[in-house]
Each structure stands twice: as structure tokens, then as C-alpha cells.
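Same chain, two forms, each on its own as C-alpha cells: structure 1, then structure 2.
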Structure 1
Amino acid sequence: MKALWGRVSARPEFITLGLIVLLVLGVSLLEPRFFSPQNLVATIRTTTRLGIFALGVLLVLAAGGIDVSFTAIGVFALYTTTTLTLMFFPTAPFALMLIVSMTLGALMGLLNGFMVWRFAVPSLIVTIGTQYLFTGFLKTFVGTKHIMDIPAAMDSSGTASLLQFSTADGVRVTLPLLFLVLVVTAVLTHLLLTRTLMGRAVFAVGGSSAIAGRLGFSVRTVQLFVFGTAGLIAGLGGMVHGSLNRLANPSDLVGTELDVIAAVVLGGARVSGGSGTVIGALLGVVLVVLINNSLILIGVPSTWQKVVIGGVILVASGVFSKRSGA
């Protein structure tokens, strides 16, 4: 038993997977409809939106930092890109919009990284500050209005489907094409963390930046890299969110960052840094999405939903703390 626990501890994503299985069994006992293909597709779709952001959060957490500004970066990149596109090039291809959005995101991320490194302030404080800064700047100088008439390429990419079928009830179910964006980003992030020198540097700095420095890793480069890349991923996530939502709303996303951070931590990344895997982070997201998306199905009244979500996260984190204590 102890040996098994030891092996599971080394691969914390197994715990996340176990929790998912328990949750799925529990919910499907209460409501058999949970096992419908449409619910599976809905879960994958929501995972797409949160999962992209989670990959950026994972990078920062692995390097021992924390970023709460990524939602502000995402919505800033989305809204500014949409506004610019409508103003100068309404027929722009989607790929160009993604590049603009990711560039904006990377620049904002680099600003985070620069301040964390230059002023040696805890990244939590820096990113709380920049979250306000980015949102305030967006609403003051770019706009406050919902943009419903998004560029055509955004709309068509958001509605394009990878898979479509109808259920027995005559409900049409669509898996969005943009799910592939998550797949590609996840694979690239995984390769980055496991197969490159930079990946090793990220974990080294996250484990102990002093030791990493002595080993010859440049702490400055790592910090600029992780925050810049997290910003880039947030810019990508923002654009995907807007396209799937078919709406650019400057008030979106900000306020949901803790859901994503919780998901990544539930996937086995330590808040103190130095650990975490892509598969774990994605499983963590699936866990949080499943909790969020099954409450109506099992009939939890809306006033109780937050209580249940909080409770499940607490229980799950209890399981993880047992691991780190062992």
C-alpha cells in the first residue's frame, strides 16, 4: 500500500484522474443523463476555454511565480485586436488576428516578468497591480461597449465544427474546431517543459532560484520567458474565448482567474513552484469544469452551487496536501 502511495505521489495527476472518476460515478448515479454525448462535448468545449489559460498558469507556477493578471491580458488582447481589426482590416484572416492578439499578450506578459525580476516584488503583488492596470487601460482608452459584430473570420472560426451530430431528442451537438488550438498548445507546452533546456531551467528556478542561479541558469531570462509566454498564451486564450463566445466584451474573463489557478493546483502543480505537468493541469481543468457543469444536472439549487464548488475544491486539495506531507 505504501509503495503504491509512493508511486502515485510521484505522479500526482493520477490523484486528479481518480477524483474525476469518483465525481463522474457519483454524478451519474444521481443523474443518468450525465453520461450523454452532448454533456461530454459540452465538457470538452469548456475545457478548451479554460485549458488554454491553464497552460500559461502552469508555466508561471512551475517557475515558482503566480500570475493573476492573465485574464486581464486575455480580455485586453481580445478586445483590442477586435477593435483594431474592425477599424483597419475587417476582412483580416483569423491567423493574423491570433498573431496580433498573442503579440499584445506577450508584451503585457513581458511587462509582468520585467517587474517581477527588476523590483524583486512577489509576482502575486505585481500581477494584482497589472490586472488593474490592464483592465483600467482597456476600459479607459480602448472601449467599454460589447462588440457583437465581430470580424467575419472570428465568427466563422468560432462556429466551425470538428464534429457534429444530433441526439435522440433532436438536439444538435457541436464540438468546436477551436478545440484543436488547445491540443496544439498543450503539446507544445509539454514539449517545452520536458524536452528543452528552458523547461529544465523553469523547474530549476521554481525549485530554488538561488540554486538555479548558481547552476548557471539565468533567473532573469527564465522569469521574462515564463511571464512573456504566459502572456502570449493568455492572448491566444482571449481570442479563442471571444470567437467561441461570438462577442468581444471588455468585462469578460476578469474574475475567473482563481478557477483556473485552482484547476492547475488540483492537477498537481505546487503553488510553491518547481513541479507540474501539462496532463495534470488539463485534468485539473476537467475536474473543475465537471464540478461546475454538473450542478444543474444533479439539481443543486443556484444558491448552493458555490458552496458545493468550494467544498469539492477543499476536499480535493486535502488529498493533495496529504501527498506533499508524505
Structure 2
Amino acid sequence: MKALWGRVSARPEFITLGLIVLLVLGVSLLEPRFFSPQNLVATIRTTTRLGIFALGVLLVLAAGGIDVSFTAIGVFALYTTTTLTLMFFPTAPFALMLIVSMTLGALMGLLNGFMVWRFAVPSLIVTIGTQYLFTGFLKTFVGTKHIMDIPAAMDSSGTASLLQFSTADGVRVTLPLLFLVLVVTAVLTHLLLTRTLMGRAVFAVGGSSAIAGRLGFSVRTVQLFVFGTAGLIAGLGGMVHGSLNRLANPSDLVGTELDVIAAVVLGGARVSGGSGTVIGALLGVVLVVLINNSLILIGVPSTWQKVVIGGVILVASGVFSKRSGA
């Protein structure tokens, strides 16, 4: 039994998957609508939005940092790109809008990385500051109104379907094509972390920056890379979020950063750094989304969602701490 636990606990994503299975079994017994096509597709749509952000958070956590500014970066990149497109190039293709949004995100992420490295300030403090900075700059100089008349390419991308069908009661269910953005981003992130020298450097710095430096890894380069890439992914996530919602809202995504960070931690990434997998992060997102969705289905007040997620995080943290021998 101890040997079996050792093999399972060495891969914390198995624990997360087990929690998902238990949750699905339990809720499906209480609420038959859980397995309805509408609910499953809604879960996938939410997972698509949060999952993209989670991949950026994973990179930062793996390197021993923490970023709470990614939602502000995503909204800033989304709203600014949408505004500029409507002003100067309303017929711009969606690919160009993605490039602009990702570039803006990468620049803001690099600012986070530069400040963390140059001033040796804890990344949590830096990103709390830049979160307010980016949000304040957006609302002061770019705009505060909701943009419902989004560019045509953005609207068509958000409504494009990967799979579409009608249920027995005549309800049309659509799996968005933008789900593929999550798939591609996840594959690329996995290859980066597991097949490249930079991936090794990220985990080395997350394990111990002092030891990583003595081994020849550049801590500065790693910090600039992970925060810049996390910003780039946030810019991508912002555009996907806005396209799926068919709306650019400068106040959107506020408060969801803790859900995303919690999901990555539930997937097995240590806040102290040096660990984490793409599949674990995505399973963590699925778990958080399912918890929120399940509580709504069975009629639990929304105010209890944070309480339940907090309890799951505490339990999971205890399990993962025991796994690491802490």
C-alpha cells in the first residue's frame, strides 16, 4: 500500500483526477442535469478561458514566482486591441488582433520580470502593484465603456463552432472552435517545459535560484522569460475570453486570478516553485470549474463556492505537502 501511495503521490495530477472523478460521481447522483450536453459544453467553454491563463501561471509558479496581474494584463490587451482595431483597422483579421494583444501582454509581462529581477522585490508585491497600474492606466487613458460592437473577425471567431448539434428538446449546443487555442497552447507549453533547455532552467530556478546560478543558468533570463511568456499567454487569453463573450469589458475577469492560481496549485504545482505539469494545471482548472458548476446545479448559494474551493485547496495542500515530505 505504501509503495502504491508513493507511485501515485509522485504524480499529483493523479490525485487531482481522483478528486474530479469523485466529484462527478457524487454530483451526478444528486443532479441528473450534470451530464446534459449543455452543461458539459458550458464546462468546456469556461475551462477554455481559464485554462489558457493557467498555463501562464504555471510557468511563473514553476520558476518560484507568483503573478496576480495576469487578469489585468489580459483585460488591458483585449480592450486596447479591440479599441485600436475599431479606430484604425475595423476589418483586421483575427490573427492580427491576436498578435497585437499577445505583444501588449508580453511587454507588460516583461515589465513584471524586469522589476522582479532588477529590484529583487518579491514577485507577489510587484504583480499586485502592476495589477493596479495596468487597470488604472486602462480606465484612465483607454476607456471604461463596454464594447459590444466588437470587430467582425473577433465576433466570427467567437461564434465559430468546432462541433454543433441539437438536443432532443431542440436546444442547439455549440463547442467553440477557440477551444483549439487551449489545446495548441497546452501542447506548446508542455514541450517548452519538458523538451527544452529553458524548461530545465525554469524548474532549476524554481527549485533553488542560488544553485541554478552556480549550475550556469541565468536567473535574470529565466525571470524575464517566464513573466514575459505569462504576459503573452494572458494577452492571448484575454482575446479568447472577449471573443467567446462577444464583449470587451474593461472591468472583466476581476477576481478570477485567485481561482486560476488555486487551480494550478490543485494540479500539483508548488507555490515554492520547482514543480508542475501542464496536464496537472488543466486538471486543476477542470476541478475548480466543476466545483463552481456543481454547486450552482444543486442549488448551493454562490457565496459558498469560495468556501468549498478554499476547503479543497487546504486538503489538497496537506496531501501535496505530505507527498513532498514537508
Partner chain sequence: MNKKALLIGAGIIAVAAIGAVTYTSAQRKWTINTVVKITGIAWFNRMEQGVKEYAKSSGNNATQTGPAQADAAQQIRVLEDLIAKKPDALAVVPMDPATLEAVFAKAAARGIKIITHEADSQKNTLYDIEAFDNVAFGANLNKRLEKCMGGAGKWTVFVGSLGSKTHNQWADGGIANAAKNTKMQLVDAKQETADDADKAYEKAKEIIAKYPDIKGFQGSASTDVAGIGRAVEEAGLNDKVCVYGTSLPSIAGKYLETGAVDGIGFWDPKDAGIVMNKVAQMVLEGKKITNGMDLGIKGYNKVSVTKGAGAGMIIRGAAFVDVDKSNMKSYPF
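Numbers given to residues start at 1 and step along the sequence of structure 1. Between two forms, the rigid core is the largest collection of C-alphas that superpose within 1.5 Å. Given the structure is predicted, the values throughout are model-derived calculations rather than measurements.
Between the two renderings of this chain, the form predicted on its own is found in structure 2; structure 1 comes from elsewhere. Fitting the two forms on the rigid core leaves the C-alpha of G310 displaced by at least 2 angstroms between structure 1 and structure 2.
After superposition on the rigid core, the Cα atom of P301 is displaced by 2 Å or more between structure 1 and structure 2.
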